[in-house]
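A lone chain, given as structure tokens: the form predicted on its own.
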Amino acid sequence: MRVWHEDDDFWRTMAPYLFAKRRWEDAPTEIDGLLQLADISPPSGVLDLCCGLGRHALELARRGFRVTAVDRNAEYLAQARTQAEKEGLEVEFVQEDMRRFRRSSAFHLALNLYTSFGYFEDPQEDRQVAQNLYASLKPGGNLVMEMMGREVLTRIFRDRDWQPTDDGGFLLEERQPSSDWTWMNNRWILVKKGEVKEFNISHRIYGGADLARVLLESGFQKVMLFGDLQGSPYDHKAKRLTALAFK
């Protein structure tokens, strides 16, 4: 049975909601923050691992960075490539699984954003991704990871949400933590124009110390944690879990 993150129908169906207009509008501000956090400037080489439709990869290319954008989804890459060509941007797009992509000592900065880490039941596969990111960085390079951290999630947790979508439908999200709050099972039901689609999504939930440990064990020399891409503290007011790791 195909797992959810390899189901192209899931990514195709949910793209309008995962990459809604407001998320595109947030991209420049998010890039402002992470560039300041990582202290990097163009024309440095940047890896965007799990780039999706290219929200961040395209914005980085607009600012003069040499960008390699990697995703396993061919449709997402095709849409991102079309937008890059439309704007005359140079971006290298690569279709590959995050567990396999590795380009030794190639990048000054690596990004893994928007909870694109922790998909795999075997934690060793997460470590493989982290090791790939480490290997792909030049000596002295940095990694920025951003996700929903366990400490934040437990503070704001709701077991279900039911909200209208911009295209006249409704999206129901049900959540059930398991394995001592290290794993989250999600049930998403989309109702649109009389049709119903249901997807079951599950992923690992990392706390700050957990994520730092995985990165350190993967070779990184130092890890700093923040509450957002603007560098706020990872404390009781944190909105997300952001890790800055140094090679």
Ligand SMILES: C[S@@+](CC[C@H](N)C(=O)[O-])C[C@H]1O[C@@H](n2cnc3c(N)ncnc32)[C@H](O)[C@@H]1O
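In this text, all values refer to a predicted model and were calculated from it rather than measured experimentally. Position 1 is the first residue in the sequence shown; the rest follow in order.
Here the subject shifts to the form predicted in complex with the named molecule, a form of this protein not shown in this document.
- Partner proximity in the predicted bound form, defined as non-hydrogen atoms within 4.5 angstroms of the named molecule, places exactly one of 85-93, 160-168, 116-124, 132-140 at the interface: 116-124.
- Taking the partner from elsewhere, every residue among 5, 72 and 99 has a non-hydrogen atom within 4.5 angstroms of the named molecule in the predicted bound form.
- Contact check for residue 17: no non-hydrogen atom falls within 4.5 Å of the named molecule in the predicted bound form.
- Of the heavy atoms in residue 11, some are within 4.5 Å of the named molecule in the predicted bound form.
- Proximity of residue 211 to the named molecule in the predicted bound form: non-hydrogen atoms within 4.5 Å are absent; the residue sits far from the partner.
- For residue 46, no non-hydrogen atom is located within 4.5 Å of the named molecule in the predicted bound form, even though that partner is not displayed.
- Just one of 38, 184, 50, 58 comes within 4.5 Å of the named molecule in the predicted bound form, counting any heavy atom, and that one is 50.
- Residues of 127-157 are not found to place any heavy atom within 4.5 Å of the named molecule in the predicted bound form.
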